[in-house]
Each structure stands twice: as C-alpha cells, then as structure tokens.
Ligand SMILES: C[S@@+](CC[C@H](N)C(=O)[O-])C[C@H]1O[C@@H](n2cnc3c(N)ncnc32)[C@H](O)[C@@H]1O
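Listed next as structure tokens is one chain, alone, in the form predicted alone.
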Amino acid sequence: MASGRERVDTVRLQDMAYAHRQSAVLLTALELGLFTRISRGARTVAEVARALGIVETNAERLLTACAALGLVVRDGEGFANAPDVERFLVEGQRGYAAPWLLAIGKERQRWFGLGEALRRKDPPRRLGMYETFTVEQARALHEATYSIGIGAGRRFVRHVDLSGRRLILDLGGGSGCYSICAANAWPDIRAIVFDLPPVAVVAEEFIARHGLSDRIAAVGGDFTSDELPAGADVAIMASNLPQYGPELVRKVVRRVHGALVPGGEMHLIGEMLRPEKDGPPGPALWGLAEALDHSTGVAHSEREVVEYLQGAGFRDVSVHEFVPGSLTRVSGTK
C-alpha cells in the first residue's frame, strides 16, 4: 500500500556534490576565452576547436556541457551565447565581469578545507586575512572586484537620488566604484574612499583612471577603529558586511551616525539573509566563507541590519532590494 508520503531521491544532493563540476565548466570556458570567441564568430564545433587550439572532440564536450548549463544555446549548426553570457562574459563588453568570476574560482581549493577551518578553536582575527593585506594583494583583489563593482555603483546612482548632497564617505570602498559613479552622475559631489592603507593606494589608481582625483580622495584607515572623516552628508558601506560580527557592525554604524552631518543618510549595502535567516544561499555562503579567513564575520539578516541602524539613532530606516538574491540596501537618516 502507498504510504501517502512523497517519494524522495538523491538527485538534489548529488547536484550539490557535483556543483564543483559546473563551476569548473564556467571557469574553464572563461580561461579559454570560449564566450568571446563565440561572440566574434566561432560558432561550430570545428571553428571553436580552431579558435581555442583544442581538438574537436574536446570542443564538442565543452560546448555540450555549456549548452546543458544554459551558458550557450544551439543556433542552427552552431552555438550562440546566452543573453547574460553575451553581456557579461565577452571581453570588451561594458559589463565584462569575468575577472571577478575568475577570482572567485581561485577559492575552489580553499573551500575543500572548510571542515578543517570549522574545527579551529583558536581565537579568530578581527579582520581575518585583511590584517596582513599588502598593496599587491589589494591590487589583485580590486582589479577583480572592480569588474563587478562598477556595475553595482551604476545601479546605486540609478536607485538613490543624491542631488543636493555634497560629500560621500565611502567606507571600505575598495576601488571606489560607488564614489566614482556618484561623482560622474552628480558634478557637485565629492567623496572620500576610506579603506585600509594598502587598499587606499589602489583606490587612488582607479580614481585617477577616471580623471576624478580632484573630487575623490582615498584615505587610509580602519573604519572600525580609526577616526572617521567629518562633514559627510552621505555614508556608504557596501559589500563588506559579512566580514564583521554583529558587535563590530553596531559599533561602525554608531560611529557613522556620529560622523554624519544632521540630515545625512547612510546606505548599508550587503549580502543579507531574509529575516528568518533561511537564505538566500549567496549571503549564507558569504558568511560561511569567513570561517576560511578565520575572522569574526558572519552572515547578517535584513532585520538585524535594520536594528543596527535604528539602535544607532537613524530614523526612517528602510529596506530595499538591490541585487535580487544577492545584495540588499538598508538606508536611514540622521
């Protein structure tokens, strides 16, 4: 007799265990330049094989796997890139994000040491790997993050009206993408990218590339402990939330509230969990990644971030979807 219970199988679990294979397909295709070659006219198996310098059997294997994963689609006798691949993974395109994805791919081996990281019992480092960051490491990281961060910066200036604002304090701003995009959108705005000293060196390079050195300053410091620049009427803290534990985030938000001029606004943009803390996967995995860096960081929920701002004295605190399934923006006014 049927038990009435839904039958379950192992497919979902196997898919999780095999996920590294999917990652390897995407990253190898990027390393080989597959999507750029397809965009530039290599459409058939034979053409792709010649363009990539591999044998046709392996070209067919790779294309079949990419088609199965939805990265490419069959187009007559050949293949074409999926729309998001064509937009973001073809070299030369305005939204080219491959450097960031390839940088993430370099973490693959580290993640297979997660069990060892979770078993550590020695006290975590407050800033994890960033406590020993060098200029060279900062440059390598932010050359990658810039490829995705500049798109987030453009999205920010589309979502937030900064007309009438004068000075942005960009906390942990990295390459300065948010400040750069804001300065380009509003000619009267100035900004300070406040990040660790090695990162500030790199931020200056990106700011100079955009010809904005006269309006955006890069200042070295630890925003969790050093005195914050005064006089800002906008504060942005973006894409570094899981690097810190709750007490440290509360401290930073309080310090920001004290540094802003009356009427100033704070925008905390980060990988946030739903109020129930049951996802999405992206923010949860960013929090778990802090175990690999042996930091005090964890994943935070939208509800917790709202409480951080309200507890610091911000009013009119509101939650806004920023990048669906990835980033949320929580804002408040002093």
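Quick note: we count residues from 1 along the sequence shown, nothing fancier. Just so it is clear, the model here is predicted, and its values are computed rather than measured.
The same protein also exists as the form predicted together with this ligand; that form is not shown, yet it is the one meant from here on.
Enquirer: If the cut-off is 4.5 angstroms on heavy atoms, which of these, Leu212, Ala185, Leu196, Ala103, is the one near this ligand in the model of the complex?
Expert: That would be Leu196.
Enquirer: Could you spot which one of Asp84, Glu116, Asp222, Asp75 gets a heavy atom to within 4.5 Å of this ligand in the model of the complex?
Expert: Comparing distances to this ligand in the model of the complex, the residue within 4.5 Å is Asp222.
Enquirer: Hey, with this ligand in the model of the complex, do Phe35, Ser39 and Tyr96 all fall inside the 4.5 Å heavy atom range?
Expert: No.
Enquirer: For the chain shown here without its partner, which stretch in 166 to 174, 85 to 93, 204 to 212, 67 to 75 has non-hydrogen atoms within 4.5 angstroms of this ligand in the model of the complex?
Expert: That would be 166 to 174.
Enquirer: Would Val157 sit within 4.5 Å of this ligand in the model of the complex, counting heavy atoms only?
Expert: No.
Enquirer: Would Ala238 sit within 4.5 Å of this ligand in the model of the complex, counting heavy atoms only?
Expert: The answer is yes: Ala238 has a heavy atom within 4.5 Å of this ligand.
Enquirer: State yes or no: in the model of the complex, is some non-hydrogen atom of Gly149 no more than 4.5 angstroms from a non-hydrogen atom of this ligand?
Expert: Within the cut-off, so yes.
Enquirer: So in the model of the complex, does Leu127 come within 4.5 Å of this ligand, heavy atom to heavy atom?
Expert: Leu127: contacts this ligand in the model of the complex.
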